Every structure is written in C-alpha cells, then in structure tokens.
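Only one chain comes next, encoded as structure tokens, the form predicted alone.
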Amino acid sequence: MPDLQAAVDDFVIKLKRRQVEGSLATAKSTVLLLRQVVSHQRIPSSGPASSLIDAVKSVGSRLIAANPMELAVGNMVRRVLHIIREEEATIVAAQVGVTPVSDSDDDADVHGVPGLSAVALAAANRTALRAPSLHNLLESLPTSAGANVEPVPESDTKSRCKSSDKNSKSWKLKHGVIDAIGLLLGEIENYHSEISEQALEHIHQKQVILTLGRSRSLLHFFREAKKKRSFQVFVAEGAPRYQGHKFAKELAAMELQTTVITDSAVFALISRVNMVIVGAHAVMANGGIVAPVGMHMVALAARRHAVPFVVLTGLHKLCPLYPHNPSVVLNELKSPSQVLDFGEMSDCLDGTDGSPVHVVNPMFDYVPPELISLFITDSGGHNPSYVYRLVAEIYSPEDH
C-alpha cells in the first residue's frame, strides 16, 4: 500500500505540473494506475464491488482534480467503474442461472427470479459471447455424478481452501476486473491501427485534404491511405504552438505532397479542399469536440463551403459530460511567451509607455456537433447524433 500511495501521489504531481499531457498519455497512465489500485485492494466477502468502487472513486477524484482539462483521466476512471459494475452483474447473473430472454418476455420471471434487472440480463449475454479463457474452460469441465467420494486427507485441507477461494465471488470479481482493465489498456494502445484501417474507405485518389496542427491518429491514417492512394494535404500551422510545422515534416518524410498554410489562409483556400480531417482532444456527450485553438474557424469555413468535416478519435476520448456542465473545464490559458517576445514587447507589457498590453493564449476551441460531419473511431464511423449511444455503452449513468 505505501508503494501504491507513492504512485498515486507521483501521478497527481505530474498532472498538476503538466508533465503528463495529451489524451493518450493521460488515459494510459490512468488505466495502469487504477489497475494497481484494484490489484492492491483487499476485498471483503460482503459487498466486494462497492469496496472496489469506493477505492477507484477515491483515487479518481484526486486525479481529476489535479488537471480538470485532461478529460481522458475522468473518462478512464468512469470506464473502470463501469467495468466493476459489469463484472458484478455478470457474476450475479451466473449465480442465479440467468438465461437470455427476448424483448417480449421482459416482464417474465427468469428461473424463478422475479424483477431481474436488464443490466444482469445484458451481462449474462456478454458472458455467453465472451471468448473462452483457460480458467473458464477448466471450470466448465463436467464432473462424473456417479464418481466414488474418497475421504480427503487433512494435509490437503489448505490446498482445498485455496481452490474454494478462487471460486468465491470476491476472487472472481477482482480478477475479472483486472482482466477487463487489461483489455481496456489494449484498446487504448491499439486505437491508432483500428482507425487507420478505415483510411481507404474515406480517402480517395487525387483528393485535397486540409488539417490543422498535429495529430498522431491522423499521421497513422495518412500513412495507411498513402499505400494505395495519391492525395495532397494542406496543413494549417496551428499558431502559436505551430504543431503543423512538425506534422508537415512528418508527412513529407512519407513522401506525401504537403503544403503548409497560415491559419488565417484557411478561408481563402478551403474552396480547393475536398475534405477536412482533424484530431480532437476530447469528444463531449452531445457530439461536440474540444480541439486545438483555431479548429472552430476551420469548421466554420468547411460548413460555409459544404466541405465534409471529419474527426478522428479513440473511444477513450469520449466524455459522458456535456459542455454546459459547470464542472467541465473546456479551456486552459498557456504562457503569453508563446505569442509575444517579452524582450521586444517589455515596454508595452509592463505599461511603461502607456496602458499595458494584455495577452490571452487559449489552448483549445469548442466545435459544436452541427459543424461535424462524421466521427471515425476505433469502433467504426458514427454521426455526431450517435455519440449518446456510445456513451451509454461504455459508461454507467451513476458515474457521470
């Protein structure tokens, strides 16, 4: 436990100091830490799920408060909470012998268990479709009903106790949650490849594509499309951080025809563009996105000229909160030094020659869902109006 507490404190400090930034890095680090929390947690025989939920919430609240702008941290906390609730429902459903029922039998009793919740039934269905593991296969081996029962030596008592522990609800819940968190971690690590596999469905020969700044998802997406398509990319530089310069260099290294433009030239050149494809920092529950500053202007230009505005995003960026929620922080101000040189502007900034000049350097823009044409995720393509369905699939309502 001291090692776990030290790991939690260390990650909180890194989040506060902005030493860990970006949706991918924060999501992955959060999931790894929460897996430690679950594995170190002692689970009582009564109420094992509530014990895990309380432990994850306790750590998760500290992580979220450390940097509210990194919405992926809260997303992963809620995903793990959903996993715990799902695993508990699966175990309960298996214990009472739930079998899937049709929609017309919703009000019917199942195996004599009245009022069984839809959550438990859904969990039972998922359990039936889940790929078999070695543990499940061993548990499902038939036992001979007519086998002779031999007396058990006292020396085997301890080993039998350990075996019974593995069949307990607490043991199954904890290890089921750890396995599911491992799958979540794999989902986060592999989402680039899942998205890039869809590149040829959306990018066609001789197209001109516009983007802004830099996105790792988009880099993989373009690399996959380059294998069979010839196309051109306009990269808006993304001032004042100029991530577009780095992105253009990476695209040029792939021998992709690349043109760097200023952010202010987007409206002037958008009429020559076939499609806008961008990344996002977060996707809100209403289908809007939080993206690098300047993205709203690009989306407005695309709408004005009827150009599709496509967003690449992993499911770990999907946030169950709405932008009007008071607890949601949609922007962060960065250092004015990225905009102005203090040496050249020192007289203006300190008010020596008159009224001082104020510098505001926001990091993000909010783009409403009506300006977005399509989301391409690791689970396929979705319209902004479908985002609420994705939220319902991967989060529990009580954790929003």
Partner chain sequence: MESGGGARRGRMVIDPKVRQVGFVTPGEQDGPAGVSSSSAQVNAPDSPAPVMIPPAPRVAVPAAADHSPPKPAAPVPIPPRSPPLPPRNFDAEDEMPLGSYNPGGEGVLAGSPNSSYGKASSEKAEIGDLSPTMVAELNSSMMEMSLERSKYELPVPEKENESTADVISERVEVPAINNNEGPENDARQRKLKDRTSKAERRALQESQRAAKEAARASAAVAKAKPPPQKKDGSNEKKGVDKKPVDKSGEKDKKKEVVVPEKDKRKDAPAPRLQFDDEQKVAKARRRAIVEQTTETKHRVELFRHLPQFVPPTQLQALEEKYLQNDTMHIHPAVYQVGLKYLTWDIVGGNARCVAMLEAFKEMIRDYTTPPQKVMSRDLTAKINSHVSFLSTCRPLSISMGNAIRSFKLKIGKLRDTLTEAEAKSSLVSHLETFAQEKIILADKEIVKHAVTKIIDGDVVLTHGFSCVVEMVLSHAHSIGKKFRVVVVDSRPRLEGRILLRSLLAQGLKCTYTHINAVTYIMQEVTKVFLGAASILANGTVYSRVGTAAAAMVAHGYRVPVMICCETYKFHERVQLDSICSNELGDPDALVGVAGRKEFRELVGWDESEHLRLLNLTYDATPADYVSMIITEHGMVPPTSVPVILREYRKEPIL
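Computed from a predicted model, the values in this text were never measured in an experiment. Residue numbers count along the first chain shown, from 1.
The protein also exists as the form predicted together with its partner chain; that form is not presented, and the subsequent description refers to it.
A.B. asks: Report whether the minimum heavy atom distance between Ala268 and its partner chain in the predicted complex is within 4.5 Å.
C.D. replies: Result yes; Ala268 sits at the interface with its partner chain in the predicted complex.
A.B. asks: Does its partner chain come within 4.5 Å of any heavy atom of Arg304 in the predicted complex?
C.D. replies: Answer yes; at least one heavy atom of Arg304 falls within 4.5 Å of its partner chain in the predicted complex.
A.B. asks: So in the predicted complex, is its partner chain close enough to Gln41 to count as touching (4.5 Å, heavy atoms)?
C.D. replies: It does not: once its partner chain is placed as it appears in the predicted complex, Gln41 has no heavy atom within 4.5 Å of it.
A.B. asks: Does any heavy atom of Glu88 come within 4.5 Å of a heavy atom of its partner chain in the predicted complex?
C.D. replies: Glu88 lies outside the contact set for its partner chain.
A.B. asks: Pick the stretch from 67-75, 255-263, 188-196, 308-316 whose residues have a heavy atom within 4.5 Å of its partner chain in the predicted complex.
C.D. replies: Heavy atoms within 4.5 Å of its partner chain in the predicted complex occur in 255-263.
A.B. asks: Taking its partner chain in the predicted complex as the reference, which of Ala225, Ala248, Val290, Ile277 has a non-hydrogen atom within 4.5 Å?
C.D. replies: After the contact test, the surviving option is Ala248.
A.B. asks: Heavy atom within 4.5 Å of its partner chain in the predicted complex: which of Ser61, Asn331, Ser50, Gln36 fits that? Just give me the one.
C.D. replies: Exactly one residue meets the criterion: Asn331.
A.B. asks: Sequence order please: the residues of 215-234 with a heavy atom within 4.5 Å of its partner chain in the predicted complex.
C.D. replies: Counting only heavy atoms within 4.5 Å of its partner chain in the predicted complex, the single contacting residue of 215-234 is Phe234.
A.B. asks: Hey, the CA atoms of Val37 and Val329 end up closer or farther in the predicted complex than in the shown form, with the change being 3 Å or more?
C.D. replies: Farther: Val37 and Val329 separate by 3 Å or more in the predicted complex.
A.B. asks: Between Ile289 and Pro326, does the Cα distance in the predicted complex come out closer or farther than in this form, changing by 3 Å or more?
C.D. replies: It is closer: in the predicted complex, the C-alpha atoms of Ile289 and Pro326 lie at least 3 Å nearer than they do here.
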